[in-house]
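Here's a solo chain for you in structure tokens, the form predicted alone.
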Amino acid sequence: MKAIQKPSAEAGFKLIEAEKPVIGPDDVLIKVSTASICGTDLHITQWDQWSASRIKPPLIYGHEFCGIISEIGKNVENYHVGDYVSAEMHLPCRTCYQCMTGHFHICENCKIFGIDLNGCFAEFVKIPQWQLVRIPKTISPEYGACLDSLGNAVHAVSKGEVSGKTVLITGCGPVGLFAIKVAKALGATRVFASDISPYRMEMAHKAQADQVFDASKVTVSDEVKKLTKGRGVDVVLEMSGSSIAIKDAFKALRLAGTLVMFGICGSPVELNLNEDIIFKETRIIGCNGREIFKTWYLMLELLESGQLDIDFIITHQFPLEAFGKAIELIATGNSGKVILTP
């Protein structure tokens, strides 16, 4: 089968002919219909400090996909050949304290397909049956390829309990853009967004944010307070990982507001704990991945009911063989979700 591999510990990738995976008794083999490229895949391709510390080549990477089951193991009972599925690509150990208390998504020994185990940038991928999610046929393969990152947004917005509240989203990468739509679908009264990229700000307008701020030209907290009678927003969803955005996010938040932190920071961030957290009684919530499988059920319900439309974010499609062109495009920042077809 065709596959995209990180062959060695250096920048680059290789399109290879790999052996089709051999499944075990609890596995299924999935013919990949579509996959999408995540920022993590860009990091792996460019071989940054994080990649060098985590990835052990050779590795077939990619972790966002959907497809059709082509083979099932002898112990698989609830899935059948021909089923349309995606998968939760965080593989919990199911034995640690976190798993045993229901927190599978923050398993102490978690392995991730496409990072620690071979992933989905290939014609076929092998997945254990308990990781599968059956997808309604009304959800297109293009949408199906985006469920992993969309799930991140659904998880983050859910933690913010945004119904009836004003929301600021700092950072309009794909997850931040998804979060605009999800916040609206979950009942936020107004959703503001900020970024410094003209392309991403235009995408935020397409996502129907009520106001989009250019953080390179204005102080976002000042602009937000003008629109909220000086109080600030009820909820901030921090999706950028920028220290500047994080510090200003606390100022944009009203007293006793909620700040959900999802963006990954490149270095430690210095905060004014007294003014920004203690005296304000700020509620800070860390957010990682998706709840297994609570987030998936909510996400699929939002999509299937028509409350969530993500057409705007799918901007480019490439065959698997054009992975290099796709990565070059993503590196410019001038794309939404980029879909691959094996």
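Everything numeric in this text was worked out from a predicted model, so none of it was measured. One-based numbering along the sequence shown.
A second form of this protein, the form predicted together with another copy of the chain, is not displayed here; the remarks below concern that form.
- Annotated contact segment (heavy atom within 4.5 Å of another copy of the chain in the model of the complex): 154 to 162, selected among 111 to 119, 212 to 220, 197 to 205, 154 to 162.
- Interface membership of residue 264, defined by any non-hydrogen atom within 4.5 Å of another copy of the chain in the model of the complex, is confirmed.
- The closest non-hydrogen atom of residue 126 lies beyond 4.5 Å of another copy of the chain in the model of the complex.
- Contact annotation: residue 49 falls outside 4.5 Å of another copy of the chain in the model of the complex, judged by heavy atom distances.
- Proximity of residue 231 to another copy of the chain in the model of the complex falls within the 4.5 Å heavy atom cutoff.
- With the partner omitted from this view, the residue of 76, 185, 89, 245 that lies near another copy of the chain in the model of the complex is 185 [heavy atom within 4.5 Å].
- Against another copy of the chain in the model of the complex, the set 97, 254 and 270 is in full contact: each member has a heavy atom within 4.5 Å.
- With contact defined as any non-hydrogen atom lying within 4.5 angstroms of another copy of the chain in the model of the complex, the contacting residues in 281 to 307 are 281, 282, 283, 284, 285, 286, 287, 288, 292, 293, 294, 297, 298, 301, 302, 304, 305, 307, given in sequence order.
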